[in-house]
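As structure tokens, one chain now follows by itself in the form predicted alone.
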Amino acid sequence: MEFASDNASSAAPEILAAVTAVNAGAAPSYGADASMARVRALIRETFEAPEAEVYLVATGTAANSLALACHCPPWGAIYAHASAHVDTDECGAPEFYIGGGKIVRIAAPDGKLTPGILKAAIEATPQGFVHSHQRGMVTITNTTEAGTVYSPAEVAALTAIARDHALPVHMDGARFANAVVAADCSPAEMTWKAGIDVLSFGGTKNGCMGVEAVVLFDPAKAWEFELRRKRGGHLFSKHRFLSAQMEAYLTGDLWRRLAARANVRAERLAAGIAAMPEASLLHPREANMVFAYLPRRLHRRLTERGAHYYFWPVDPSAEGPEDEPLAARFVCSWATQETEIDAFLSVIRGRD
């Protein structure tokens, strides 16, 4: 019963096969491999963006931080949801790569900014006052850290506010595939057609070994990104092993199929939890993550039976009433089995 994180899941067989295949013989280094040329073409085709520039890195932190650094000055504010990964889980990497910058945390329900909330936060930043940081850019996450999904219309409404204030917009798409599948839209509709300037397109959480693509819809930023990637230590010499993963990920819509499987598993899990009279969902289940309240005693029972997931934020082993509802996050991956979900639900129903 593994629901801790899609980071903990195995790599898809197609990804492993691609890495093994590309291992034969020699290949040009630093992104000059033939596979990377095909990746570039595949992403341009997938996103209907023939002018987009595409770069690969091995981690989401690198993708987000380098993307933000190319679009925000050192004195700039980065407007983000209060739970945004770029603020809560990057150890200050975005600010480090920007050479300054200030993430402005914005509280909003269910992990999603709204146009009114974003507008108020931007306009609360003084301009033309040398003692204050200046407005820099906006970043949103899709799928959000709360497991919810911005529709293309919602993305467009936020980017319209950013444009009104002359700010570029980044999308952290660590779980982009899950969001696109959930919203039943095209990658283009979710990104540049909705006003996104740069995307961190995740692969690691969705069946890859470790690869993320930065898609620059404004090719004018390409050379700066190349320099920042090299200077930051994220230009792989044996780049073909990144390219091979991303090429396999994009071929035959594997990325969509893996994400769809994870979303379906999470839907099954959420429905089972919501049907329990003692349980409730913390946020709407829209992609592959489920946030739910369960009584302390059920959490203890689950952990005793070997279930792995994150408590949000109180550990049920702490002292407290047995019936106290405690929140937790459950993540399904491409590799999550129905048998795991059924076993989990059997435990909380007392049938194990």
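From a predicted model like this one, the values you see are computed outputs, not experimental measurements. Numbering starts at 1 and runs along the sequence shown.
Omitted from view is the form predicted in complex with another copy of the chain, to which the following refers.
So in the predicted bound form, are 89, 93 and 227 all sitting within 4.5 Å of another copy of the chain, heavy atoms only?
Checking in the predicted bound form: 89, 93 and 227 are all within 4.5 Å of another copy of the chain.
In terms of non-hydrogen atoms within 4.5 angstroms, which of the given stretches 154-162, 70-78, 115-123, 140-148 touches another copy of the chain in the predicted bound form?
Going through the listed ranges, the match is 70-78.
Could you tell me which one of 27, 42, 49, 327 places a heavy atom within 4.5 Å of another copy of the chain in the predicted bound form?
The residue in contact is 27.
Does residue 128 make contact with another copy of the chain in the predicted bound form, using a 4.5 Å heavy atom cut-off?
Output for residue 128 is yes: heavy atoms within 4.5 Å of another copy of the chain.
With a 4.5 Å heavy atom cut-off, would you call residue 58 a contact of another copy of the chain in the predicted bound form?
Contact with another copy of the chain, yes.
Examine residue 235 and determine whether its closest non-hydrogen atom to another copy of the chain in the predicted bound form is within 4.5 angstroms.
Yes, residue 235 is a contact residue.
Is the gap between residue 219 and another copy of the chain in the predicted bound form 4.5 Å or less for some heavy atom pair?
Result no; residue 219 lies far from another copy of the chain in the predicted bound form.
Check each residue of 93-128 against another copy of the chain in the predicted bound form and list those with a heavy atom within 4.5 Å, in sequence order.
Contacting residues: 93, 95, 96, 97, 99, 100, 102, 103, 128.
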